[in-house]
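The chain below stands alone and is given in structure tokens; this is the form predicted alone.
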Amino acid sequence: MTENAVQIDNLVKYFDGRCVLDGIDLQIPPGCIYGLLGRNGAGKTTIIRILLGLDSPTRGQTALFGCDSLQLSAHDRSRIGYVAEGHHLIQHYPVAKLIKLAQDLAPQWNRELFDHLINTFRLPLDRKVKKLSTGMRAQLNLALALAANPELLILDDPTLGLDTIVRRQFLELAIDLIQKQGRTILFSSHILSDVERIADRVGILLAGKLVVDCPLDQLKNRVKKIRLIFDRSAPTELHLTDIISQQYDNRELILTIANWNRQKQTYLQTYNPTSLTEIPLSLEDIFIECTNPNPATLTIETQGDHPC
């Protein structure tokens, strides 16, 4: 059995008496591209920091490649690339000096790839890091992380604050490298269209719990927005499970339903609507719908037991 790149078991984290993470279980196998989503303060960065051993859990365990996050060796860390929100690099270093430091710390440094990235980004090697624009720091950070040839790449909102052109360049390069090299990626972002382009599988954090954890295509099949039109007033009480939201407007009823299946469609037909149509949902639409309801009522059922 292949060892998971990321393993989280019953992870609980409290800050100042407030529960931020409440029993998170997550497995990411090698080669999977996992998009971790949640509103501000949902706990995405906390999970990443605990995985990297930068913070400790209140309860539970996390591991990378089977190694406890709090006991990662230098060799273990050499297998992991990390690009954080804000791109916190050593500000007073010249770019060339920072590159030399990163190269000395990376036993599998890929010089050819790094030179290609530096030329693509046109990064000035003689300038100090603090003199670089936000976009240039993001590009430098990604280049340093990828040149180390990590087996696992963790991206924590890496495009936040970048303009549209730089963000697109950053994303397209990441997609190209991911497709060519088959890395395992844990990718957190507020820009859901980016996640939708990259991710095989997505997780959604809500009120400290992982309420969604399934392949992206399966999520799109399991959450549906349905418009029903009636020749009289729309019914106001439906004995139907997994309704995420509902909107009434005289003869029109719009429902967002989790765990959509043929049985639910057949049940809605018993109300004799004059029309029943599906409203297409993007990942961003689904995220907004799934993070609005009472979290205790939302569970997205998955099919199959392979994580990606």
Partner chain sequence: MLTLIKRESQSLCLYLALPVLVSIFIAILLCLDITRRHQFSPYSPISNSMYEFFWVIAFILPPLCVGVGLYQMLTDHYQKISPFLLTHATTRSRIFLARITIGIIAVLILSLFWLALFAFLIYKYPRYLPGALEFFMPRLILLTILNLTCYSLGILIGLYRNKLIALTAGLLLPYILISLIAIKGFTLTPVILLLLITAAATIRTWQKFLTQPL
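All values reported here derive from a predicted model rather than from experimental measurement. Positions refer to the first chain, counted from 1.
A second form of this protein, the form predicted in complex with its partner chain, is not displayed here; the remarks below concern that form.
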**Message:** Check Leu101 for me: does it contact its partner chain in the predicted bound form (non-hydrogen atoms, 4.5 angstroms)?
**Reply:** yes
**Message:** Does any part of Leu238 reach within 4.5 Å of its partner chain in the predicted bound form? Heavy atoms only, please.
**Reply:** no
**Message:** Residue-level contact is defined here as any heavy atom of the residue lying within 4.5 Å of its partner chain in the predicted bound form; does Ala74 satisfy this criterion?
**Reply:** yes
**Asked** So in the predicted bound form, does any heavy atom of Ser56 sit within 4.5 Å of its partner chain?
**Response** yes
**Complete:** Answer among 204 to 212, 183 to 191, 223 to 231, 74 to 82 for heavy atoms within 4.5 Å of its partner chain in the predicted bound form: the stretch 74 to 82
**Listed residue that, although its partner chain is not shown, lies within 4.5 Å of it in the predicted bound form (heavy atoms), from Arg197, Lys97, Arg168, His116** = Lys97
**Complete:** Within 104 to 129, the residues having any heavy atom within 4.5 Å of its partner chain in the predicted bound form are Asp104, Leu105, Pro107
